[in-house]
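Here we start with a single chain on its own, the form predicted on its own, put down as structure tokens.
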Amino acid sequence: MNGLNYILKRILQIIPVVFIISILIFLMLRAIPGDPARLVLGEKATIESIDAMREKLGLNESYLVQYGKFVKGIVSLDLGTSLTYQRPVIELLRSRVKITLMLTLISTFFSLLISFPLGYYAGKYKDSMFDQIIKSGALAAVSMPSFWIGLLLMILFGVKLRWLPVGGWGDTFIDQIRSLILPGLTMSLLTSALLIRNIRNSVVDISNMDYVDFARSKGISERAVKNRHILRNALISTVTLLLMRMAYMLGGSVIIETVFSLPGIGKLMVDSIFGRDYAVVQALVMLFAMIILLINLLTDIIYSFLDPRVKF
């Protein structure tokens, strides 16, 4: 019951945050210079046609009326029609969110695959040659820009070896997975480097704790000590970092999607901002905000399972 009350309380706390975010999105987007009606019709459009388009788009109405329609659309999932693509916004999101979500999941998989074994063994064999190599590699991964790494991987695996496509989005599921491997690996390197350093430091600190020595003195196997005491406690800070990085990967996928020509929501966001496509930008920013809020809630819930000391 305490856990359910906590979840309900957190959900109620999300409501005013979403309300404030919606106001900021609405006002900041309209503060950007440029007339959406003129962008739709072109520079050679007449004053009469621009005024008619502004009337059609509802831009002549007061901000209060426009904001009311915006909130009503969010509640009813009627997000309007894109000015640029002349399609319902909900259809655009449905077709493109899938690509960005798949990219984020593949990047997360690569991050876990790389960081957990390397981070653990770097911490277990602290100050060894292996540890020094891992720390240097993690530092290099943090220092290099993602677009440059992506270009190197494209040249190596796409142009030279021809193992994987250098960009685009395949027609079949297998082709789509293959087209996400290089961008997923590119986006995972920074997260992997951060996770490696975090896991390594956590393992070093936890391995020196008294309860770990006490567990070994009781005759518990090294595997059990590793799984029950070291890794489980190391996960507490790692879960927060991983989930926050997932939120960042969802929102910051625009660079990777641009480099690899993936038609995801990151690319859609940039195109919509330059096109003053209010409906699309508002929907995307609200989507990102909701994802981050839900990830924060999920992080707190997972904490309670990893650390019994954490009480709702």
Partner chain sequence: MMRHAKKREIPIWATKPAFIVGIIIVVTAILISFFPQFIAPYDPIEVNSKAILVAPSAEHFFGTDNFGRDVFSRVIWAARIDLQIGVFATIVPLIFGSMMGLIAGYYGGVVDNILMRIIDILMTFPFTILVIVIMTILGQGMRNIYIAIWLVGWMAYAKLVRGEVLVLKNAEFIEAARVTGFSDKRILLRHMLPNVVSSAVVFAASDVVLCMLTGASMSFLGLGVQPPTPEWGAILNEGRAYIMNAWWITFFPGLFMAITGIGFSLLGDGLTDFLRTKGK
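In this text the structure is predicted, and so the values were computed from the model without any measurement. Positions refer to the first chain, counted from 1.
Separately, the form predicted together with the partner chain exists; it is not shown, and the next lines address it.
- From the list 199 to 207, 146 to 154, 105 to 113, 179 to 187, the contact stretch for the partner chain in the predicted bound form under a 4.5 Å heavy atom rule is 146 to 154.
- Contact annotation for the candidate site: V254, F274 and Y278 all lie close to the partner chain in the predicted bound form (heavy atom within 4.5 Å).
- Distance criterion of 4.5 Å from any heavy atom to the partner chain in the predicted bound form singles out V285 from the list V285, L243, M53, A45.
- Of the listed positions (I301, I23, V17, I11), a single one reaches within 4.5 angstroms of the partner chain by any non-hydrogen atom in the predicted bound form, namely V17.
- When contacts are judged by a 4.5 Å heavy atom cut-off, V65 does not count as touching the partner chain in the predicted bound form.
- Contact check for A37: every heavy atom lies farther than 4.5 Å from the partner chain in the predicted bound form.
- Taking non-hydrogen atoms only, S49 never approaches the partner chain to within 4.5 angstroms in the predicted bound form.
- In the predicted bound form, the partner chain sits beyond 4.5 Å of every heavy atom of R87.
- Contacts of stretch 283 to 302 with the partner chain in the predicted bound form, defined by any heavy atom lying within 4.5 Å, are made by V285, F288, A289, I292, N296, listed in sequence order.
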